[in-house]
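Just one chain follows, in the form predicted on its own, and it is written as structure tokens.
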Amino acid sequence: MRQSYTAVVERANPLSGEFATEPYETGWAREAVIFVKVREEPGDNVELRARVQISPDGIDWVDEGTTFPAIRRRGVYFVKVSNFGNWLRLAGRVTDPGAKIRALVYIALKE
């Protein structure tokens, strides 16, 4: 039986400007689905831009290459990643410097 686990790495704290979620150690998993759940409408001309980052040690980070499409509305969005090494996180920015977006970020992992 395959193992799976879902980690909540962002718990609806307001995201603004440049941000990065808490890192999560994922070396045991073969695949991950990263979900972003935006709880409130971001507002006119506000976008959440997010990209997957990987790390060998949870300290130094590099973009993995997977990005979310621009998020402009309330809802649930996801990307799939594999071959990601030991650590994952989501990094990005909210395009309007004064805007705040409440979002949850989940990393769903499978062996």
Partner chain sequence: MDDLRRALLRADPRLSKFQPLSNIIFYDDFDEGLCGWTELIGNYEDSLEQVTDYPEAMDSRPPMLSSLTMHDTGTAGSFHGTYALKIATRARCGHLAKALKRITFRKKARVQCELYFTFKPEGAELKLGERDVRAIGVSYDLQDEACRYWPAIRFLNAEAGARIEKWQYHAGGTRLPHLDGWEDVPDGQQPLCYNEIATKQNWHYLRWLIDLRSREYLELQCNDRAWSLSGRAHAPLKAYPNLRTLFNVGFWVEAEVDKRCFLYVDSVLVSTEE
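Positions refer to the first chain, counted from 1. Computed from a prediction, not measured in an experiment: that's the story for all the values here.
Omitted from view is the form predicted in complex with the partner chain, to which the following refers.
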Would you please decide whether residue 102 lies within 4.5 angstroms of the partner chain in the model of the complex, comparing each non-hydrogen atom pair?
yes
Even though the partner chain is not shown here, does residue 16 get within 4.5 Å of it in the model of the complex, heavy atoms only?
no
For residue 9, is any heavy atom within 4.5 Å of the partner chain in the model of the complex, or not?
yes
Going by a heavy atom distance of 4.5 Å, is residue 80 a contact of the partner chain in the model of the complex?
no
Quick one: which residues from 62-86 get a non-hydrogen atom within 4.5 Å of the partner chain in the model of the complex?
86
